[in-house]
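Quick setup: one chain, the form predicted on its own, written in structure tokens, and binding and motion questions come after.
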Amino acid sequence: MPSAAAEPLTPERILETTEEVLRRFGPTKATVVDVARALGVSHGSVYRHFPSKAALREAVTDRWLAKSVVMLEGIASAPGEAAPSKLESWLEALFEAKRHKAGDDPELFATYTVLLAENSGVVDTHLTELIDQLTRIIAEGVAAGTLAAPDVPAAARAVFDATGRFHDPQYVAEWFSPTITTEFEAVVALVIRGLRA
């Protein structure tokens, strides 16, 4: 069986290993040396791909957030579904993705919550991408006459803000309440009714 060091050292492999190290040690104790040790390489090899610990942490945060963006883009750009239904599907997918990340791997989710606070530029880009997707969905509905919004970007931001309880990590403790699904459905129904043409 080849050793871990026998495999090519790629940025993706480093990021995967960094996730494992963060899960094991947490964000305050995980180091580049720990990542290098897990990869079976020197820490200098890791630094050849990521110039600093901050750059590595930023890249792993971006990778984690990008998974949601890609999944949601599939909904936002899917043809054939009416905008109100697409908006509901998009919001539901965002909530479920966040809830699964928090529930399936709470240690890593807690780690990412710390990393998100450190990487505001990455977070700002992520939020912009999500709001851009909402903007396209709402614009599609306005064009089709199924939604009404005099200022589509402002409406998209308002929808994102109004549903924050269901995707902002600061509310993670509420995501597993027995009534959260009913509460989510009520908010989404209200938001969509408010946008209907």
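The term rigid core refers to the maximal set of C-alpha atoms that superpose within 1.5 Å between the two forms. Computed from a prediction, not measured in an experiment: that's the story for all the values here. One rule holds for the numbers: they count along the sequence shown, beginning at 1.
From this point on, the text means the form predicted together with the DNA, which you will not see here.
Trainee: Which is the contacting stretch out of 151-159, 133-141, 26-34, 59-67, given heavy atoms within 4.5 Å of the DNA in the predicted bound form?
Mentor: That would be stretch 26-34.
Trainee: In the predicted bound form, does Q170 come within 4.5 Å of the DNA, counting heavy atoms only?
Mentor: Looking in the predicted bound form, residue contacts with the DNA do not include Q170, since no heavy atom lies within 4.5 Å.
Trainee: May I ask you to check whether V41 falls inside a 4.5 Å heavy atom distance of the DNA in the predicted bound form?
Mentor: Taking the distances in the predicted bound form, the answer for V41 is yes, it comes within 4.5 Å of the DNA.
Trainee: Although the partner isn't part of this model, could you tell me whether T163 comes within 4.5 Å of the DNA in the predicted bound form, counting any heavy atom of the residue?
Mentor: Result no; T163 lies far from the DNA in the predicted bound form.
Trainee: Determine whether any heavy atom of V187 comes within 4.5 Å of a heavy atom of the DNA in the predicted bound form, and answer yes or no.
Mentor: It does not: once the DNA is placed as it appears in the predicted bound form, V187 has no heavy atom within 4.5 Å of it.
Trainee: Counting only non-hydrogen atoms and a 4.5 Å cut-off, give the residues of 141-178 close to the DNA in the predicted bound form.
Mentor: Heavy-atom contacts to the DNA in the predicted bound form: nothing from 141-178.
Trainee: Honestly, after the rigid core fit, is G40 moving at least 2 Å at Cα between this form and the one not shown?
Mentor: After core superposition, the displacement of the G40 C-alpha between this form and the one not shown reaches the 2 Å mark, so yes.
Trainee: Does the distance between the two CA positions of I14 reach 2 Å or more between this form and the one not shown, the core being superposed?
Mentor: The answer is yes; the displacement is at least 2 Å.
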